[in-house]
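First comes one chain, alone, set out as structure tokens in the form predicted on its own.
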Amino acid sequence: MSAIAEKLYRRRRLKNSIALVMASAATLFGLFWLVWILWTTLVNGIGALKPELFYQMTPPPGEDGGLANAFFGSMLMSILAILMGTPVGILAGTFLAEYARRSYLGEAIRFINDILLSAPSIVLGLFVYTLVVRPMGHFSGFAGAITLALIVLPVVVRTTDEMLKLVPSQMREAALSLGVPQWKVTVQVLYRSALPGIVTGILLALARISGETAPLLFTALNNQFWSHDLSGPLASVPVVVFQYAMSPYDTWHELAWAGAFMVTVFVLCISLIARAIIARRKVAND
């Protein structure tokens, strides 16, 4: 009997060791590409990583400059997209989790939301181009923000839906048994419990839209000068990186690499913040 137990123990240890080695190899494989991307963008863009990058405008060919207008344009459109997409996404996710959890309508909405979640961003850009840009007769930062909001929306809907489902039903029942209205249960009980997960979803949506180029080419286009007018063309870092990378000028190439490095670092920081929020929630629950 002891021999069989020893054999089973060794087999389990062998399987555990194999799984550990494969998991470690997969982790190192992913980290390798992350470090390689950061190193490549840093080495090629280090010549443009200086203070002027953050306060000078995008330059004409052959001159030095920065990406101040592109940073501002990206920030403006991203903030507006979050402000438009987040409330609608939270409300839709709440409806799915609390009022349509087992209904055919809820399943249909989830299916459509998953399609929107996986839809290519260029398709959303063409949709907004047809719906907003063509009737207006010109490109605009507002149209770019609408496109980014359509990217934010399904992420927030899915996150809110899943996070509210994780809230124990006992909390709902306890609040309702005290005579608390349903809307107060949702706002004061469920949202408080699901807040870290919802915030994490919003941050991940922000990280996703920060690097979008294709939809902005059809909506916001670009602007070489400083502008805060959302009714006109607006610069953005991904579009500037795309245009400068395709140019024949070395100074523009350096700015493109520097812009790519800043976007990569921003996405990495947002992802780390999101992971920290999740980890903090796990510690609090434990």
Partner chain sequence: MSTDQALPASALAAHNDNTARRAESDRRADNAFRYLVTGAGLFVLLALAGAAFSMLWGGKLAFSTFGISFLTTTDWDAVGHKFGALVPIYGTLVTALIAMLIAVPVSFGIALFLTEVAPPWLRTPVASAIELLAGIPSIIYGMWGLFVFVPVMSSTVIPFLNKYLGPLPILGPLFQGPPLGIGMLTAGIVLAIMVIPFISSVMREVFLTVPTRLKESAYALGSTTWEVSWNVVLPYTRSAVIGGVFLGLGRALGETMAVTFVLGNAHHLTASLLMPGNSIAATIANEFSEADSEIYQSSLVALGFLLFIVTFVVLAIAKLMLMRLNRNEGAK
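Residue numbers count along the first chain shown, from 1. Predicted, not measured: the structure shown is a model, and the values here were computed from it.
The following text describes the form predicted in complex with its partner chain, which does not appear among the structures shown.
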Test of understanding: in the predicted complex, would Val157 fall inside 4.5 Å of its partner chain by heavy atoms?
yes
Might Lys165 be said to contact its partner chain in the predicted complex, defining contact as any heavy atom within 4.5 Å?
no
Close approach of Gly30 to its partner chain in the predicted complex, 4.5 Å, heavy atom:
yes
Considering only heavy atoms, tell me if Ala256 and its partner chain come within 4.5 Å of each other in the predicted complex.
yes
Pick from 194 to 202, 165 to 173, 86 to 94, 73 to 81: which stretch has a heavy atom within 4.5 Å of its partner chain in the predicted complex?
86 to 94
Output the sequence-ordered list of residues from 6 to 37 with at least one heavy atom within 4.5 Å of its partner chain in the predicted complex.
Arg12, Lys15, Asn16, Ala19, Leu20, Ala23, Ser24, Ala26, Thr27, Phe29, Gly30, Leu31, Trp33, Leu34, Trp36, Ile37
